[in-house]
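Starting off, we have a lone chain in the form predicted alone, written out as structure tokens.
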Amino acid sequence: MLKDVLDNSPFLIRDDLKSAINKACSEVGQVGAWLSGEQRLAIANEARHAWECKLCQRRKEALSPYAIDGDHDHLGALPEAWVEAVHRIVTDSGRITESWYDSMIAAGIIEDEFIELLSLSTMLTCIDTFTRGIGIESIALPTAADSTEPVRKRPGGVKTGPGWAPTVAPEDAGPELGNFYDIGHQFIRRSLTLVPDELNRFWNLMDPFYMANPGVNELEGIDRAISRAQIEFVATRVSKYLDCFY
């Protein structure tokens, strides 16, 4: 069971974080807004497998990943463009460019599918990095729940920009986004608004990993084992190491 893995940790894990990780993993095989349970599970498994890809390793060591050609080592469950998208997001996200994103869309990945793929790949990477960091085994993923088809419906108010993918601005937000913008507008939170269901899944995991707004603006009294200054120091060092320039 998912719970058993986290309970065997040599470190005490906060209940809210444990609950968020368990929920995220249990939903991997469920139908998404644009992807079936089978597709979501295949993406999650490919995200884990990407670290073993020799092409990705050569690209990571190269001055530019775009100078290295070849075929990905993959599990065979996803189309070629999807494999490329998952592997690049997982192993070399700091050097993704707008032209690369455009090439993924031109290769047949629908923008909404890309957002769900991006979210799921990122969530699995965060969870696996966490479990690896505290010295426990990876959490086993459930099987695909059923063959229910995704609704594949966009929210109202979608417009192109300000980034590469379409988003929903606060002034255009409809009922699909609920009270998402009540705490304010940050572009990093806006980035997944093209797929509200996946937006909520993503932040339901990320808020406990970091801190939920409005706690992000607080300097004292946060429910963490280290201070806010220590949190930001760790975050800054990790961001620098991973080429995260946000």
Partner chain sequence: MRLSMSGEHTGDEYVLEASIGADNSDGGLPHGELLNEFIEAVCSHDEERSAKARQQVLQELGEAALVDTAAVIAAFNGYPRAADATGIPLEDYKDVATEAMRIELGLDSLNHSKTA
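All values derive from a computational prediction rather than experimental measurement. Numbering follows the first chain given and starts at 1.
What comes next is about the form predicted in complex with its partner chain, which does not appear here.
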property	result
Contact check for Arg59, Pro79 and Lys159 against its partner chain in the predicted complex, heavy atom at 4.5 Å	no
Stretch in contact, per heavy atom within 4.5 angstroms of its partner chain in the predicted complex, of 114-122, 150-158, 169-177, 70-78	114-122
Touches its partner chain in the predicted complex: Trp34 (any heavy atom, 4.5 Å)	no
Contact label in the predicted complex: Thr129 to its partner chain, heavy atom within 4.5 Å	yes
Distance check, Ser93 to its partner chain in the predicted complex, heavy atom within 4.5 Å	yes
Contact flag, Tyr181 vs its partner chain in the predicted complex, heavy atom cut 4.5 Å	no
Contacting member of Ala165, Ala145, Leu141, Ile109, with respect to its partner chain in the predicted complex [4.5 Å, heavy atom]	Ala165
